[in-house]
Every structure is written in structure tokens, then in C-alpha cells.
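First, one chain by itself in C-alpha cells, the form predicted alone.
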Amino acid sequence: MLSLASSFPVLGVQMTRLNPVDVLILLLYFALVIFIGFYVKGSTNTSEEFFLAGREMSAWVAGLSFVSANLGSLELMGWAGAAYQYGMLATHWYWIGAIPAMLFLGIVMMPFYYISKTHSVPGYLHLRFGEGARALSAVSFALMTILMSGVNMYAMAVVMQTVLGWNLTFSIWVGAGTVALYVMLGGLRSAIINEVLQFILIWAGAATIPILGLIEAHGWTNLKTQIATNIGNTNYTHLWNTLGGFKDNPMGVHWTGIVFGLGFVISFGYWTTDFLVVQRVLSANSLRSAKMAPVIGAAFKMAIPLIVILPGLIALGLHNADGSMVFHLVPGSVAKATGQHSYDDVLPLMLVRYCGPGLLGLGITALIAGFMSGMAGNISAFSTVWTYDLYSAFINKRASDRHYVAMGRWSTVIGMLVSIATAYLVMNAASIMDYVQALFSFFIAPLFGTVILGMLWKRATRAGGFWGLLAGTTASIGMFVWVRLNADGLRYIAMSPDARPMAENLYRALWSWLICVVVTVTVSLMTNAVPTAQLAGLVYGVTPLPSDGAEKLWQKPAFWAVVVIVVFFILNIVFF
């Protein structure tokens, strides 16, 4: 999910230089990802192979790709910075903000996506609610993916300039050209194989920081003591016990916002309807694999705070011999004015602190892998939605399968060029990150309302689905504009005068979801019901679900989902 960070690292003094062994590691990485693109090109000749990897991926490959596609630059950089700014509260975006929704996708929703043989989430909306809902979601999703790809591109360029002194334009074009080449050649199959590689590299490169950081801090218990000493209170090392009031925690949120806004609406909306991640699961080779992939992804997702949140906490707790803090990071706006390092610089700073020659090259490669994973995920999803849900649906309905594959390759290149233009737009308007986050919340929350009603309530009609989605999206944009014109509007949206900006995102999502559901239900009850025979394969209660083939207990996705949720509760209790 998107980071809380409000800006990218400030352009400042180059932090370090690469040794020859570091450069060699980096060059080998670029050579390998391009080789994978050429290697799989021969097996991506049909649209099914290019856009859905031939639906041949195992549960493990689809699951790792599922979680890796989300582990882009905004995750690595933004949430490490958020941990320095807000403490352990940032972990909620990995646990309650992900795990329940990922399991719900695998066990409840995946059977419908899979047996309907849809190519995309807008494609499911077409089957369930008609062309209007499909067009609205496809256009909004295509716009969002292009913007997100550009933001990933610019973030990578700024980090490379800050850490290594690379030219911004050089970094943008090298990163974009590499991703465009391997996605254009091998489609989703190439993107997925590279994402699995990138997932392994990210762990190999980033795991050094928490290990060496905890050694320097003399363990977790001592780190908590050091953070409390540096900050002056213990609020930064707890997950739940400071969420009783908006004023009691550094994020300025209430537990209702975390549970209902983040844990339900935003999380379920993102993980169950964002085609960027759902596309990876649709590539699975069987229904059982499609159900297992999100469960496997959830297990790995629970461990990611070790390499993202913990570095931010370690930076918060380190101190010099005289007792002063080692790192004095500031908000992005202050960093731009003063030349200091911003919150988002925390991961590169820790990388330079702990990694010598060889390890530094691996760490830098891990960062670049994260950036490229985010770019590839967005651009491959854009290519699919553009070709299936816009071009073949509204522009050219009768072309051959070969033509659509060619359109997929061309839209990859064109989408990447538009993303590059977006990256330069970001360069000239640093505050665009706020608007990208807002764009994300505009569409995901109401889309979840539409999809969940479509799957679980057979009385939902096409008119209800379309007007509910439109009303929820419009309401979300309206609330965003209201607060920008009058900051006092936040107290009404979050229902507290003590709410801070993060609370706006959580409660705006909750309100837009509720408005979508209410309008969908109201309009559906006022219009004629869809004949039950037309809902087969699309709605619970009228669809006989096929067996996933699991016979023994340890083969059943539901069993592993229970194991994951038990670990999830234990972790929340331990760090309560």
C-alpha cells in the first residue's frame, strides 16, 4: 500500500561511492533481468500467455510475486521513514492493514475471480454490472497505475542521486528502459519471474540493516529503552495501547480508524480489488494454487516489518556517546528548505552506516529491485487493463488474438513513456505525492463496496453497481477537496477536533465505502433484479463452487489461513 511519506529524499550531498565489486553486482542484476525477458519471450505468443502468464504459475511463484509487486519503492522508503516518524504504529499497514484482507481474498473471493475466467477486476465488473462500471473502474485504474509507475521512477532517481550522485535523467531512463524491455518481451510471465528474483534480492540486501542495527543497540529490549529515552515517552514502541484517543499517539488516529478505515475498507479494497496484485494470483495454474497464493503472500507479508519498520525504529533509538541522537531527520518540507535529511532518507542512511563493499552493492541492488518491481507491477497491470477493458471493449472489438498481444507490447512501451513524463511532472511538483495517495483512496474504497456487494448479494443490479461506484468515488473526491479548501473539514470527517491528516485518509475511505454501499443497495432495490440464471459463476449462493482438489488437512488453503491468522493475533498481543 502507499506510504505516508509526504516527499522524497532531499537532494543533497552524495552519501557514498560504489566499489568495483558493488558496480559488478549491480551490472549483473541488470543483465539478469533483461536476460529473463528474452528467455521467456518465445512462450508469450497468445494473449493468455502475455497478460496472464498462461495461467501456469505455481502457488509459491504466484504468492511471492503477489507480495513482491506490492513491495515497491514506496513501501521500502516511505514506510521506513514512517516508522521513524510514527514508531511501531506504521506496522499496522503490514498486519491489520494487509493480513486479514489477503486471507479473505484467497479463501472467499479468489474462487469467483478464478472460475469466472476474467482477465481483470474491471472484467469481473463487466460480467456482473455491465459496461458502465467496467469503463469507470478501468479508466481510473489505468490513470492510477501510470501515475504510480512515474512516482516509482522518480523516487528511484532521487535516491540514486542522493546516495550515489547519479544524474536524475540517467536514472529515470535506465530504470524505465530496463523495465519496459523485459515486460514488453515477456509480458506478465517475465514480470512475475523478475518479481520473485527481486523479492529474494530485497531480503538479501535489506536484512543486513536490522541484524547489525539490533547488535549495535544491544537487542530489542534495550532498543525500546533507548527510543523512550530519545523521545521522552514509550508511545513509539506499542501497536495498540496508545490508540484510545487521537492525542495519545504520534499518528493522531483512533483505534476505530485503524480497525474500520484501514483494517477493513482500505485494506480489503486494495488487496481484493487492485488489479496490480490480483493479476498475479489470476496467473495460478489451478484453483487450489489461486487460493494458496494469497495465503503464502500473507505469511511473508507479516515478516516484512523486519526489513522496513525495524530500520526506522533503530534509527530512532541510536545515540552518540554524549547521549544525543545519531539521526536528526525532519519532514520533507523542512528538509528542502534547510538541506537536512528527511524521514524518507532513513533507509539509505542506515544502508551506508552498516554496509561495506559488496554488501553495499547488494543493498543498493535491493533498493533498485524494489523500485523496478513497483514499476513493472504497475506497467504490466496497465497494459492488461488498457488492452482488455478499454481497447478491445470500446475501440477495436474484433481484432485477432495476435493483434491484442501486439497492442499489449506497444501499450507497455507507451505506458512507460507516459510514466516518464509523469516522473518529470513529479520533479516539478513535489507535493504530487499527496495527490497520488488521494487518487489511490478515491477509487479503491468505493470499488471494494461495489465488488463485495456484487459477489455476496444477488439482488445488486447493474444500475445499482454503477451509481454506487460513481457516488462513492465522487464523495471521496468531494471530501478531499473540502479539506483542502477548509482544513476545519477534517474534524467532521474524522469526527474529532484532535484528528491529524492521516486520520483523514482512513475516515474518508470509510465514508466513501459506506456511501457506495448505501447508494448501491438503494438503487438496486428500486430497479429490476437480475435473473438468477445470469449470475451463475459470479455470486455466492447461486454458484456451485468447484473442489480445489485438496484432500488432506495440510493441503487445504483454509488450514494454512488459520495458521497465519493465529500467528497474526500472537504478534499483535506480543507488541500490544
Partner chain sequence: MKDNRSQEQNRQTRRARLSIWFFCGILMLADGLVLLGQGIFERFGQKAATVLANLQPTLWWGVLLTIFGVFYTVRFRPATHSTD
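Note that the coordinates shown come from a computational prediction; the quantities given were computed from them, not determined experimentally. Positions refer to the first chain, counted from 1.
Not pictured, yet referred to below: the form predicted in complex with its partner chain.
Interface residue remark: S140 is not counted as part of the site for its partner chain in the model of the complex, having no heavy atom within 4.5 Å. At the 4.5 Å threshold, heavy atoms of T527 stay clear of its partner chain in the model of the complex, well away from it. Though the partner is left out of this view, Y354 does reach within 4.5 Å of its partner chain in the model of the complex, counting heavy atoms only. Looking at I215, you'd find a heavy atom of it within 4.5 angstroms of its partner chain in the model of the complex. Contact annotation: its partner chain lies within 4.5 Å of heavy atoms from the stretch 45-53 in the model of the complex, the single such stretch among 45-53, 528-536, 547-555, 506-514. Within 4.5 Å of its partner chain in the model of the complex, a heavy atom is found for all three of L32, W60 and V196. When you look in the model of the complex, the only residue of A406, V108, V334, I200 with a non-hydrogen atom within 4.5 Å of its partner chain is I200. The single contact residue among R128, R189, K301, H254, judged by any heavy atom lying within 4.5 Å of its partner chain in the model of the complex, is R189.
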